[in-house]
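One chain comes next, on its own, written as structure tokens: the form predicted alone.
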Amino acid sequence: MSGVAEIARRREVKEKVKFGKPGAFFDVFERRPGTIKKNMHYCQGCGHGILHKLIAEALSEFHMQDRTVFICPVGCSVFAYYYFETAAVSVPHGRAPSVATGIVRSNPDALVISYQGDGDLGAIGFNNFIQAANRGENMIVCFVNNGIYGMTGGQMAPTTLPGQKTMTSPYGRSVTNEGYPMKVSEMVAALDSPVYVERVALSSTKNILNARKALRKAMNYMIQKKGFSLVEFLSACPINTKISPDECNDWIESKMIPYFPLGCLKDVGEQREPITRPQGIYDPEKVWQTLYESKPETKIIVRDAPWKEELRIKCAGFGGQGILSLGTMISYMGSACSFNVTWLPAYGPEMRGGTANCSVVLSRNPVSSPIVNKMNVLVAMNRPSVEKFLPDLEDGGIIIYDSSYGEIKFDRKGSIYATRAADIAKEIGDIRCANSVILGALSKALLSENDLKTYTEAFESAIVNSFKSKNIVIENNIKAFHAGEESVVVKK
């Protein structure tokens, strides 16, 4: 054998892989930016890479890969989709359990892993997390506890140890000022719904093997649909705790474990029956039948709109005047007439007497945004709303206001209409119908005589749709609508 051939043979033997990446990992991490496609981006000494391997092994061996959804919020693990060949969702900071709940409720056969750090889970996302645990959602939360905010600069986290120095506790965590570290696993174990809670460590070989067992037990419970499992993994962050990779295991053993003891805190999975919840209904007709007694008959209009441009409408007034309902009625009318429609409410904290407004867009073309900054129609049910939004009305736009509370003088170009909406509603016998009065005035202002009859049917349908089976309310509002059509006065 020549020298070149011998070198090639030795290289082939040297590169022979005896134990490769688990099947749930991509062979090559093509999603990872840059030129490095074989290795993970985690720092030396960090536990994320170890835990990723444990998860990938279990997914592959349990044949879970095609059913698994891996959920990663903000944190060092946010780029886990670089590595796992599963469905993956990146979510806002702390919101992983909420997204996980939506997935598992809509698809009960999905196997959902919420992968969270101590800052993400214990601080901004704690309520999302603890409520999912209390509901007993069929999911696993892998809680990586390294006692610090790792990705965002090393700030103090809810699990930072007493006396531990961080960017935001340079003199060490003070239990007098900041309180004691949160023992999340103990808090979850005290709830009735969770089936399995265990704390493990990603340090010594023995601890990693125990972590492997705990993770697999949680996965088995999830496959059996037993409910919520939490596995807390004590880890280290060498960068932010300013220790070397060689010191990470000792830091976990000597610092973390004494305060966060390892072990199983709760295991009732064997005693629990599989969770069964009502199946979701996704067919549009069945959804309608479930929500409403009957679907109102509406005439679908497929020709051009009677106005030349996209209508961007702002409805505004006091809370309690039916401003949001006015917007929904306009929206229902547009939907019945095959327009693309958006409706966006905005209101203050007061239920009555505060300010309220909503934005409605009607267009034959796709609507780019529901936000209406510059409007071409302003519907105002009080003077303050006119004064607030009039500057945002485009030149030549339409103004409709309730003149019951006094006339308003306008020094601008445009079409101005008024109706005594509140007064007319009182005459009908229900002040709450004032929004339907002004709706009638709006229809008269927008439509020609040729279009008025057809679109009036759609407006009536919208009123029926808005108030559903309340027959007296529907009758009064339709009466108010027609009164508004007849009472509208052109001011300019």
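Quick note: we count residues from 1 along the sequence shown, nothing fancier. Given the structure is predicted, the values throughout are model-derived calculations rather than measurements.
Keep in mind the form predicted in complex with a small molecule is missing from the figure; the text below concerns it.
Asks: Let me know the one among Met151, Ala110, Val386, Leu265 whose heavy atoms come within 4.5 Å of the small molecule in the predicted complex, would you?
Replies: Flagged contact: Met151.
Asks: Within 4.5 Å, heavy atoms only, which of Ile130, Leu390, Ala88, Ile124 is in contact with the small molecule in the predicted complex?
Replies: Of the candidates Ile130, Leu390, Ala88, Ile124, Ile124 is the one lying within 4.5 Å of the small molecule in the predicted complex.
Asks: In the predicted complex, does His48 come within 4.5 Å of the small molecule, counting heavy atoms only?
Replies: His48: yes, in contact with the small molecule in the predicted complex.
Asks: Should Ala418 be classed as touching the small molecule in the predicted complex when contacts are defined as heavy atoms within 4.5 Å?
Replies: No - in the predicted complex, heavy atoms of Ala418 and the small molecule never come within 4.5 Å of each other.
Asks: Does Gly75 reach the small molecule in the predicted complex if we count a contact as any heavy atom within 4.5 Å?
Replies: Heavy-atom contact with the small molecule at 4.5 Å: present for Gly75.
Asks: Look up in the predicted complex whether Glu137 has a non-hydrogen atom within 4.5 angstroms of the small molecule, and give yes or no.
Replies: Close contact is absent here: in the predicted complex, Glu137 is far from the small molecule, nothing within 4.5 Å, heavy atoms only.
Asks: Sort through 172-180, 151-159, 397-405, 376-384 and report the only stretch with a non-hydrogen atom within 4.5 Å of the small molecule in the predicted complex.
Replies: Contact-bearing stretch, as computed: 151-159.
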